[in-house]
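Coming up, as structure tokens: structure 1 and structure 2, two forms of one and the same protein chain.
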Structure 1
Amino acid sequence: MPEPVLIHQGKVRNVYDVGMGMLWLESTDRISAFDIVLADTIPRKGEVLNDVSAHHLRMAEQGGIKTHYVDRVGKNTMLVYKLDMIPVEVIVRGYLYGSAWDRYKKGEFRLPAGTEPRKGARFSTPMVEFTTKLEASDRPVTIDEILRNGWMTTEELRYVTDAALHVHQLVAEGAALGGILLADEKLEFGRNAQLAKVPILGDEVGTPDSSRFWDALLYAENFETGRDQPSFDKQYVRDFLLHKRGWDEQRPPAGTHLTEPLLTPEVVESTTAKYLEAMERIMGRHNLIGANS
């Protein structure tokens, strides 16, 4: 295999071209919030992302969804097929929370029939939305806009919607075995005509960076009392920045890469613990990081 060549550095991942139509995806310990890359790092975060994503990509393959996954080649690196990524992110929501709740309060979000109009309510059926991918700050896009810009065809949209709902079901069922509710998740698809005629699931799947995970045992009580749902993901970091660093009133522009750390040692340590617990619950406590899962 040729020497890997760094071709892209994202908010969290480094992408290396290794020839033969394949890439290395390196998950780092970097962390972003509100589309802003922090100077802080979260120890072992990259390992968790790599293991959990590989776990869910294999699960999707077994469920009949073609993915870019080839092999896990290191504690924080996986080998994948190169895709021409579709510039649209697919959001699957199972609960009324986050930006969906904010938009609902403004009258910009329609609930599925039979859904209780309360923060944290479970949707009567999971919803699929689309957002931009290449803009500094993601924004919802309509099907008409996707078609008009040629980002996907009608047939591709239909396939991606069905595939995203299927992947969401698989991830949710697996997480439930560890006492975790999957509130929502982000998925990405790309094209590779040599691998499949339909869009292929790429990027990461079902990680604490791309999904919102809740403790199933705490959900009902928090929902009834109106409290926020504690999560096994980077929402803990977002909340710290909002409430302790004043980002609820003013924050750096989306796309900014900060150079000075903002998180306390306690927040860093607790965030690592949340990521590790998510991994252990989702994959089973016998599946420790570093093992060939």
Structure 2
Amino acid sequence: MPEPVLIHQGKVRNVYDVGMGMLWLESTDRISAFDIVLADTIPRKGEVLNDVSAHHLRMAEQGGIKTHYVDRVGKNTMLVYKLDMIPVEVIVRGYLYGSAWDRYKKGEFRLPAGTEPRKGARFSTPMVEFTTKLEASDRPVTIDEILRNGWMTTEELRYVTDAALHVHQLVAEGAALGGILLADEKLEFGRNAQLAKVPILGDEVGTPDSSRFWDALLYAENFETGRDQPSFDKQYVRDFLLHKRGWDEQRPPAGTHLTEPLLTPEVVESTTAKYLEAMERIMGRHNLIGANS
């Protein structure tokens, strides 16, 4: 096998070209908050991302969706088919929250019919949106813009929308068994004509970094009182930076890579514990099934 060549270093993952039309996706223990990469690392975070993503990619394959997944080749690393990525991120939303809620308040977001117009409300039916991938900050794009720019054909758009809703349903059902609500998630698709005529599901799927997970037991009370729904993963880190490191007043610009650690051992430990808990709750049942088959 040729020497792996590092071709991309993201906020969390390293991508290596390993030849023969394949890549290694390595999930590291790096963590970002507010789009700022911390100098601190979270032990075992990378392995959680790798395993949870592999789990969901296999689940999607079993559901008849073509994915880039080939094999899990190390604790932190997955072998995938190299795709020509479509420059649009696919967002599936099950709840009115985050930027969708902000846009709704400004009159810029249409609710699915029959949805209660309140923060955290469950949509009557999940919906798909698209955002740009190549610009500095994610911006919603219309179907018109996607077609006009040639980012996807009408057929690809239709396929990607259906596949994204299907993946969302599979991930949400699996998470629900562990008492976790999937609020929304980001998916990416790419092309590889040798593998399939239709767009192929790539990148990471259903990880705490690409999805918003909530604790099902806390949802109703937070919804009733209008409080924020704590996200399952980085909440400790975000709260600590906001309230103990003054980031609510002032913080480095998005995209900064910090060089000095900021977290306490307790925050790091609790965050590792949260990622592990998410993994166990999401994969628990499937792990048992896997062990018997």
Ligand SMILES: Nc1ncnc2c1ncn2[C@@H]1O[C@H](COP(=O)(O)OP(=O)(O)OP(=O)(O)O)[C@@H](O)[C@H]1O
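Think of the rigid core as the biggest set of C-alphas that the two forms share within 1.5 Å after superposition. Every residue number counts along structure 1's sequence, beginning with 1. Fair warning: this is a prediction, and the values are worked out from it, not measured in the lab.
Participant: Look at both copies of the chain and name the one that is the form predicted together with the named molecule.
Facilitator: Form predicted together with the named molecule: structure 2.
Participant: Using a superposition on the rigid core, decide whether the Cα position of F240 changes by 2 angstroms or more between structures 1 and 2.
Facilitator: It does, since the F240 C-alpha is displaced 2 Å or more between structures 1 and 2 after the core fit.
Participant: For N14, decide whether the Cα shift between structures 1 and 2 is 2 Å or greater, given a superposition on the rigid core.
Facilitator: Shift at N14: below 2 Å after core fit.
Participant: Comparing between structures 1 and 2 on the rigid core, is the C-alpha shift at L49 2 Å or larger?
Facilitator: Comparing forms between structures 1 and 2, the L49 CA shifts below 2 Å.
Participant: By how many angstrom does D35 shift at its CA between structures 1 and 2 when the core is held fixed?
Facilitator: It moves 3.5 Å at the C-alpha.
Participant: Keeping the rigid core superposed, can you check how far the CA atom of R251 moves between structures 1 and 2, in angstrom?
Facilitator: On core superposition, this C-alpha lies 4.7 Å from its counterpart.
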